[in-house]
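The form predicted on its own is given below as one chain in structure tokens.
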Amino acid sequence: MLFNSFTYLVFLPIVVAIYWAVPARFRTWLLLVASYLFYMNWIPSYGLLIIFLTLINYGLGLAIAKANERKRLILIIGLCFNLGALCFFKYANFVAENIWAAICASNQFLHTLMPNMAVSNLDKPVVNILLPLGISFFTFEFIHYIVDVYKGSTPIYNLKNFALFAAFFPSQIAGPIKRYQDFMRQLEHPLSLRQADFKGGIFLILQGLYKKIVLGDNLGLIVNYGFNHAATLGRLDAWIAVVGFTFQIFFDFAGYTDIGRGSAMLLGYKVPENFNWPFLASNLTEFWRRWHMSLSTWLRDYLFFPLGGSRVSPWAVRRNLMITMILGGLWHGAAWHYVLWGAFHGLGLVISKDWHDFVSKFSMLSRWRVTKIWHCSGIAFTLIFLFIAGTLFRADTLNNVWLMLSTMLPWLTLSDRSHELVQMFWQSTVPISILAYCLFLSLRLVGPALGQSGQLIVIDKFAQLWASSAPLRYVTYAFIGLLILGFAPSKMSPFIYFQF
């Protein structure tokens, strides 16, 4: 079931209405059943997989909490079990394909040296394991749980509560990655339905649908055409495709997060924020503190810190950064271009850290670092880095990466080609949609301050009226809904992060 589907827009109000109508003691059961219905709407049999993983990790948590001498052994068994399940479903096809490629290459080499020794016909083995939705996010939450219990956190003794932590549908398939301590605190001390949560939840859902459908999906049409026709693009076309993908994946994933957070708020829960104005980061380190924050903090706490973090030698810190980002890239997908994307980001983080250390040694550079020129140039360099990295993430082959980069950079190509993608961009709804979204962000950020200062008193009055008038809010919601429907592309697209 997709957040941007008609089915979900029927499913969610029904669940919310029943949830607040039934007695409090039944609400956990209701959410648990709803979460499994949500997940099993895709492939029912994989609901059994999640039940199995949940039962095993529930038992592991209790065993670790009770154990004394063998606590570390149980943790290692738990880590191997969870990572083994992830590797089997996510990487078995990738490993099999690379082994097959290595065998074919070896056979070809053998045929060149000793034709009589080579195998004439090699039948490719068929490995077709379908990736369960959200398996990466499930696995990371389970690992977080057993590791924190090992470190001394109290385990979840109630199986029903633990099952809901694992299956909670607003964050089930693509996160954000929850911390069980925060979730259990909310589960054990539930809130009553508050008007502020209801208004905030509806707003986030509509905002998420606008980001996903109006911005992300329409950008995706342009981006897909660009990357599928990389050999014929002009320079400006290539830039539109690459820049467009960077913002497409943001709107797509941020839209999912908004819908998930809004859905949770309607049920009295809060899940972590995942984005904090990432494209305003002035360096790559700051970017990763603002982008996909639940994953960034997970990688920091459960991979970077256990490797030694920044408390080791400078070379070891660089090694830890590279390992963390390469594995983070591999987590995104079972393909070599994701590994290269992770390595590229790791190298960028190493250079960013070394540059920060270098600047700190010189007082003149340190004084420049607090200026607006320094800050704005840092944002520009970070964005360019992200655009280049985006080609590694999006392009299916290294040849397409080279085609896009060589077209974008003037010193690598002597002549320009078509401007078909430029025309496609300006003829689409994307420019007006982005302009409307930027206007909304400007009013949201600057409007309240100007209104309170008396410079834009109309905005302040409207905000007060909107907060106090239910009919005005419903009219606004209906208008945004019609805007989303009017600007929606003809075909619904799944969320990009579902494949991870």
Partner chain sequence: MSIGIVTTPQENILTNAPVKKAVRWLSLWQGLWQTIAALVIGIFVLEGYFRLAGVGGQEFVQPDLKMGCRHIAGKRVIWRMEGYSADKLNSVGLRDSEHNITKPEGTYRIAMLGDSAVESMQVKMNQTFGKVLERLLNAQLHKTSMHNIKQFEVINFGCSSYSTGQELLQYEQEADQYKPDAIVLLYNRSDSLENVVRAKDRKRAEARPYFYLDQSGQLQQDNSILLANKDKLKTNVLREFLRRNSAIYGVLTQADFSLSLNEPRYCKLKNWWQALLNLPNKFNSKQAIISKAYYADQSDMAVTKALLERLSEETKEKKRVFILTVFPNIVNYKDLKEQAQELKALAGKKDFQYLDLSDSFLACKDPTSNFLQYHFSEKGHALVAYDLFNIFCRNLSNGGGFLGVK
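Fair warning: this is a prediction, and the values are worked out from it, not measured in the lab. Numbering follows the first chain given and starts at 1.
The following text describes the form predicted together with the partner chain, which does not appear among the structures shown.
Colleague: Give a yes or no on whether every one of 282, 310 and 360 sits within 4.5 angstroms of the partner chain in the model of the complex by heavy atom.
Modeller: Spot residues vs the partner chain: no contact at all.
Colleague: Answer with yes or no whether residue 19 is in contact with the partner chain in the model of the complex, where contact means some heavy atom within 4.5 Å.
Modeller: Because no heavy atom of residue 19 falls inside 4.5 Å of the partner chain in the model of the complex, the answer is no.
Colleague: Might residue 28 be said to contact the partner chain in the model of the complex, defining contact as any heavy atom within 4.5 Å?
Modeller: No.
Colleague: Find out whether any non-hydrogen atom of residue 427 is located within 4.5 angstroms of the partner chain in the model of the complex, and reply yes or no.
Modeller: Yes - in the model of the complex, heavy atoms of residue 427 and the partner chain come within 4.5 Å of each other.
Colleague: For residue 44, is any heavy atom within 4.5 Å of the partner chain in the model of the complex, or not?
Modeller: Output for residue 44 is no: heavy atoms all beyond 4.5 Å of the partner chain.
Colleague: Which pick from 33, 436, 49, 67 sits with a heavy atom within 4.5 Å of the partner chain in the model of the complex?
Modeller: The option sitting close enough to the partner is 436.
Colleague: Spot the stretch among 291-299, 346-354, 419-427, 174-182 with residues whose non-hydrogen atoms come within 4.5 Å of the partner chain in the model of the complex.
Modeller: Selected stretch: 419-427.
Colleague: In the model of the complex, which residues of 6-45 put a heavy atom within 4.5 Å of the partner chain?
Modeller: Residues within 4.5 Å: 6, 7, 41.
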